[in-house]
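Heads up, what comes next is one protein chain in two forms, each shown on its own as structure tokens, labelled structure 1 and structure 2.
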Structure 1
């Protein structure tokens, strides 16, 4: 039985690897693409903070994803993760920065359709709404930060070497924040489907520290993301950091900062609870698209400069990838579920 559980969990680990391979570009692509941070340094910082974000702040978005479709059998969760991972891998192979959020949502809907389970339309609309808002908010934040930073630098008149040193440090700090936000917001995509059927039990250490089964899942997922960062993220980093818009290092920092704030906002239970406590609408805790946030930030700066420098052909290609990805994931999920149930006689839904 334990071997079976491990085999099924490999589906989630594969999706985590795919997320690291693709979405690390959104955190450090601009820094690596502008040659301000070496790929190896970026990979190490990204890996450490994505694991911390997953374990410390990953539970909020997981609950929302679980409401979309409650997968209640390990083979079903395995099928959804493999489908999402394969679809992301296909897009990554093409050098396109796509979203594991879109992939796992498509895969869950594929499971819902195959098993005849209902899809929570209200949750789906909320998730789709954030897919529209995410790049817009990131773009607006990038434009705001760009104007503020430009005015500050004009008044500060820093020496070019000092500015270079400050920018490298800022890119690393923004990247660390971005990696933490990525882990917090997107770990739900990797391990969320396994939470209701987790094979782990809580571990109590010295009667003071409780390492829950959910946190154990998130640690595994975070490590898988880190492996993806190291082994396969370089190509997509250069697509984001170089091909879409030629950016200065300062603009690269602004894009990562805007992206990180957006991801953090949609993952922070603290901010959501605070807004509720003062009778304001809370921010939905939804796994949003890291790719959409960073592309929105890049295009925001491009528009501020007149829009002529943006490679609209590449932007269009990326947008088409965003539309196709959930459809592809749902289709692959449906096929895998059919194979598991009819060829291997596995129960994909209780």
Structure 2
């Protein structure tokens, strides 16, 4: 593989690393921050399930991003990734809880605008709709789980120590599911733009097992996320666990579960096909924001408790991010594409 290809792929790997460093905290932050689960345990489980989720269920959301705009040259994909990474960095520095999902969509639109390719408005509207739906569904789910769990615990009368042991196990299982869903839903942000121009070729093992070029890309992206988890997520986990989500371990489990289900819903081809088969509207397979699903879950529980604990400023910041981040990413993408084409003389579109 040429060195330039590796350099271009680094854009996606950087995004993967930052996803692992930041979003793993949504899945295991409270568990690790409150010392219910050891960081080493969380990091290993998280890495394994992120990679599995990416390889097994990552294609659905990738296809949707592909429909929005199919970047057909490696330098173009590189520009989109760097633009997404930079815009997330800028917005995070300004204290807005944004995600790579919104950034990559903006960056792809930036590429469409620069190259004169058309943007599929229908797909764009679907994607925007899911961003709003994601925290709302997470909020509703966490409300539902909260009521069920509270009633169950009141009836079960578990000893505080036994409840602690069950909660640890539940946090680990929900975390594994969350990591799988994160990999499945968000791998499109990391590697999606490289799929149409994958530098890999399919590998056939013993004529039985086909490891497609797309799966190889997803494995690479998954590994980048895992590296992010191991190298940088510990600090973020302790911040999330101790500062942002000051809640009981049981409530934390509920939030992680609601978050994981939402991410899984928007990534699962199986559920989407099933709904279609029984004549129900299918769920669009769209990469959604893990952080915003968590915030939605927290707000849901806060509302059930009377709404006093709800931090509405965070909710407001999220909606600002929905508008600002894609615009910023599109702008940066446009500028980088211009630089790559006119200064480095690279082809960003065929």
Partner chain sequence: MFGLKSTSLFGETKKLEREIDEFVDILSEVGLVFKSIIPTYLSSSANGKFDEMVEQVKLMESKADKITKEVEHTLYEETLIPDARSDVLRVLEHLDEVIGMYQGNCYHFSIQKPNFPKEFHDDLIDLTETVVNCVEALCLTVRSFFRDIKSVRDNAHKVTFYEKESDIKFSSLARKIFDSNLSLDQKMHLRYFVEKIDRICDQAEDISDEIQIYAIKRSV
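Definition used throughout: the rigid core is the maximal C-alpha set that superposes within 1.5 Å between two forms. Positions refer to the first chain, counted from 1. Note that this is a predicted model, so its numbers are computed, not measured.
Only structure 1 comes from the form predicted alone. Relative to the superposed rigid core, the position of the CA of residue 67 differs between structure 1 and structure 2 by less than 2 Å. Relative to the superposed rigid core, the position of the CA of residue 33 differs between structure 1 and structure 2 by 2 Å or more.
After superposing the rigid core, the Cα of residue 320 is displaced by 2 Å or more between structure 1 and structure 2.
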